[in-house]
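Quick heads-up: it's one chain on its own, the form predicted on its own, in structure tokens.
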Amino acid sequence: MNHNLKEIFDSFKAEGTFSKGEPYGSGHIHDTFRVVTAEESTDDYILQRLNNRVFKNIPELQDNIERVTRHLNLKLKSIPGSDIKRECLTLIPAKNGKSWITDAEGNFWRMYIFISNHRSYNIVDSPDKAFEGGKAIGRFQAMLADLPGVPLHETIPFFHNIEKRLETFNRTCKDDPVKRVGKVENEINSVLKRAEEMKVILRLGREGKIPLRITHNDTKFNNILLDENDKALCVIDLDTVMPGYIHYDFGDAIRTAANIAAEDEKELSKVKMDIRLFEAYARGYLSETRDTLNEVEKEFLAFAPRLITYTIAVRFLTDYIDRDNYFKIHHEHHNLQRARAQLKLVESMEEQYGEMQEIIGRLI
């Protein structure tokens, strides 16, 4: 579908004149465009058509983002030398008084200031980058620890809840809507044999041993922007910021930061967790969060990457069996390819688990 990006841009209180809009980024969920303005002195913008099949309550989604970005903005103002436009996402208000609009076709749109001179990486190639990524997520959590008011909305209910994900997985396998179950018996068995162990974080939460905190919940490394010197700059993609366990953020970050291959790597022999990158990320993360985490949270940090990598594998495999309804795919078996890569990464983490525990024990 061709959208009139100029008309949509003009619905927001932006500075500058629309020059051109072009697709931007590699996100799975929303349609994202970079709007270039005609004037050199004005910002460019990120314009997004929101996926309201995935995010079913856009007003609640936007309310979360408004609260979080406002709080981060205030925090940064109190830090001398902060570059707020680059260190925090800035929502552009719409002319209708909200932070989003709906177009004539009923599509939801929002707009941010484009963060200039940043770098983003899908694959992390050095401990220095991993350290900065850990620092960015740790700082993000630390700055939001005192967000006032009621809890944030749960924008996707049970997002990282592995018990609910496994219920959906088992139901989808039973229904087998497009007859793919027979093709993935090995992957299904790999999921099922680990299922009980993966419920430990939820059990700890129910027992009151670890608290719910404000977490990002989608900390893959390309959601962390670094500056031109590869130093931590800004955490983006705030759609899933909501109450969660810190293990979700730490685990998903390691899943992407310490994997030496792509998330959807076809050649499984290339998929491996680099323990050096794990250690560097953990060092950066704990440098910002060490004083706020309790002992049980710290004890289970090494387990977190196994849990989240497994959870993502379950989600990719569920979507493949269920006719690819959730994630954008680039070929027929893309979700299966993704699931296989994530399950291989789980195996790599299991092989190195003792060393991961030793590293966390040393860092805390």
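The numbering used is simple: start at 1 and walk along the sequence shown. Please read these numbers as outputs of a predicted model, since none were measured by experiment.
What comes next is about the form predicted in complex with ligand ADP, which does not appear here.
* Region of this chain that lies against ligand ADP in the predicted bound form, out of 289 to 297, 127 to 135, 168 to 176, 215 to 223 [heavy atom, 4.5 Å] -> Answer to the contact question: 215 to 223.
* **Candidate site Ile8, Phe12 and Phe108: all three near ligand ADP in the predicted bound form by heavy atom within 4.5 Å** => No residue of the spot touches ligand ADP in the predicted bound form.
* Examine His334 and determine whether its closest non-hydrogen atom to ligand ADP in the predicted bound form is within 4.5 angstroms. => His334: no, not in contact with ligand ADP in the predicted bound form.
* **Touches ligand ADP in the predicted bound form: Tyr24 (any heavy atom, 4.5 Å)** => It does: once ligand ADP is placed as it appears in the predicted bound form, Tyr24 has a heavy atom within 4.5 Å of it.
* 4.5 Å heavy atom contact, Asp239 and ligand ADP in the predicted bound form -> Within the cut-off, so yes.
* Answer yes if any heavy atom of Ile329 is within 4.5 Å of a heavy atom of ligand ADP in the predicted bound form; otherwise answer no. => Residue-level check for Ile329: no, no contact with ligand ADP.
* Residue among Leu204, Leu89, Ala195, Ile260 with a heavy atom within 4.5 Å of ligand ADP in the predicted bound form -> By the 4.5 Å heavy-atom cutoff, the listed residue in contact is Leu89.
* His118, Lys231, Lys270, Lys98: which sits within 4.5 Å of ligand ADP in the predicted bound form by any heavy atom? -> Contact check passes for His118.
* Residues within 4.5 Å of ligand ADP in the predicted bound form, restricted to 35 to 74 and counted by heavy atom -> The stretch 35 to 74, when checked against ligand ADP in the predicted bound form, contributes Ile46, Gln48 at the 4.5 Å heavy-atom cut-off.
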